[in-house]
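Single chain ahead, written as C-alpha cells, the form predicted alone.
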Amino acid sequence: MTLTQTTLANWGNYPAIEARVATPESIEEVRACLLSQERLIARGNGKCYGDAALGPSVLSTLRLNRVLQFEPQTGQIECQAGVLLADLLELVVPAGWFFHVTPGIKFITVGGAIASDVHGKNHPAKGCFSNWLHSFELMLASGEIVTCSRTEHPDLFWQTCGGMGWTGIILSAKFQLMEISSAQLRQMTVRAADLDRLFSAFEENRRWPYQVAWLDGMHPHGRGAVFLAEHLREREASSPLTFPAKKSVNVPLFAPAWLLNPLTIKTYNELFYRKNQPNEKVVDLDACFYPLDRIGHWNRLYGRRGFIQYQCCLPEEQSLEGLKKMLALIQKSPETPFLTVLKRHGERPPEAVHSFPIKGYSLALDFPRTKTIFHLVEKLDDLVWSLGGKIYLTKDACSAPRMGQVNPSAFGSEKFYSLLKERLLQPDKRLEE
C-alpha cells in the first residue's frame, strides 16, 4: 500500500488541500487503512468538481481496478470500484454492450458513479446509474463487508447511491449493461434563437432517447443548440463494434488567468453557435457522449485559480421562467460562464432519496473562480431554493448547505469524513476567497 502526503484537488482545482493519501491494492489493505484512521473518505479518479472526496485522510480506490466477471450473453458485469468507465468501454462495446446511463466524461470510477448516482442525457428514459445497479460490496466503519442490493440491506443500498461516500467504502459492484448493435449514433442538431425555442425543441423531440443542449450564457435571450441522438441499428452502421478511443489534445500548462474573460468567452460562444448549424449526421460513441474528453486537462484553461460549476435542477413547472431569471441574474453580475449545459429530467424513483435529478430541467454553468463568484452563488441559491430546486453535490464547492437536500448527520458514522460533509454540517460557515 502506497502512502503519500500531497496537495489534492478535484477537477475544478478548488479547493486544494494537504492530504494523506493511501492507495491500497487489496481488500485487506483497505481494511487495515480504514481501521487505522479516525476519519477518512474514499476517492476515485477525482473528476468531481468541488469539495467531495477531499479530506485530511483519503483512501484512493484506483488500484482496486479489476474486472471480476463479464457475461457477454446477458450484459451483466461485476468489477472493483476503482475501474474506470473508459476501461470498461474497451471491453464491453466490442461484445455489443454499452452503459444504460453514462455521464459526460468516461474517466470516472464505478465507485464514483455510485456515490454520485450519476445521470446522463437520457434521464427521462433511463434514470440514474442506480436504476441499473444490481448490488455492491460495502466496507463499513467496523471493517465488516456487507452486500447491498434492493433486497439485501436495501436502506444501506439507497443511502449509498448518491450518498457521497458517507456510508462506507464501495469495494465492487455488479450492474446491467445495455445491448447495442452499432458503435455509431444518428445525431441531429436543432438551433434555437432563444430559451423559449430551446424548450420547444426539447418538447417536440421527446422521442429521441438522448437530449442535451448548449446554451449561450451571455446572450440576452439564451440562444443555443439542442443535440439529439439515437443508436444506429447494425444494418445502418458503417463501422464495426469497437469503441473509437481517440488521442486527446492535451493542455500542458495552466493558462494565464486573463485567458478566459468576457471578450474571449463571447467570441467562443459566437463561433460555437455559428458552427452548430441545423443538421443530421452520424457520430461515434466517443463524440456523442464524451466530447470534453478529447481535450486532456481542459480544466487548466481556467488557470491556477480553478473554476466553480453551478449545477441546479428546477421542477418542470418552474423551469422555463426560472432559468430566464437565472440568466438575467448572471448577466447583471460581473461573472461570465464559459460553458453552459441544459438537460431534461424525468421522474425520480421514490427510493432514490439522494439522486440529484428531479422532474424538470437542469442547468450547469462553469465560471472562472473570481473574487466575487461566491456572491453570485449565494444569489443563485436563493433563487433556485425559492423555485423548489436543488443543486448537484458532486459539482458543488460553495453552495448553501440546504441546496443539496441531503443531511450528512443522518448517515450516522463519523468515520467517513470529507470537506463537503463538514461544510454541510456547518450552515453558518461561509467560504472566503
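For clarity, every value in this text was computed on a predicted model and none was experimentally measured. So that there is no doubt, residue numbering starts at 1 and follows the sequence shown.
Form predicted together with a small molecule: not shown, discussed below.
Heavy atoms of every residue among G44, A52 and P103 are located within 4.5 Å of the small molecule in the predicted complex.
Of the candidate stretches 149-157, 218-226, 70-78, 118-126, only 118-126 has residues with heavy atoms within 4.5 Å of the small molecule in the predicted complex. Within this chain, I391 is remote from the site of the small molecule in the predicted complex, having no heavy atom within 4.5 Å. By the criterion of a heavy atom within 4.5 Å, Y268 is excluded from the residues contacting the small molecule in the predicted complex. Contact annotation: K395 falls within 4.5 Å of the small molecule in the predicted complex, judged by heavy atom distances.
Shown alone here, W11 lies within 4.5 Å of the small molecule in the predicted complex, counting heavy atoms only. Of the residues W298, F338, Y273, F254, just one reaches the small molecule in the predicted complex with a heavy atom at 4.5 Å or closer; this is W298.
For the options K343, R348, H354, H231, the residue carrying a heavy atom within 4.5 angstroms of the small molecule in the predicted complex is K343.
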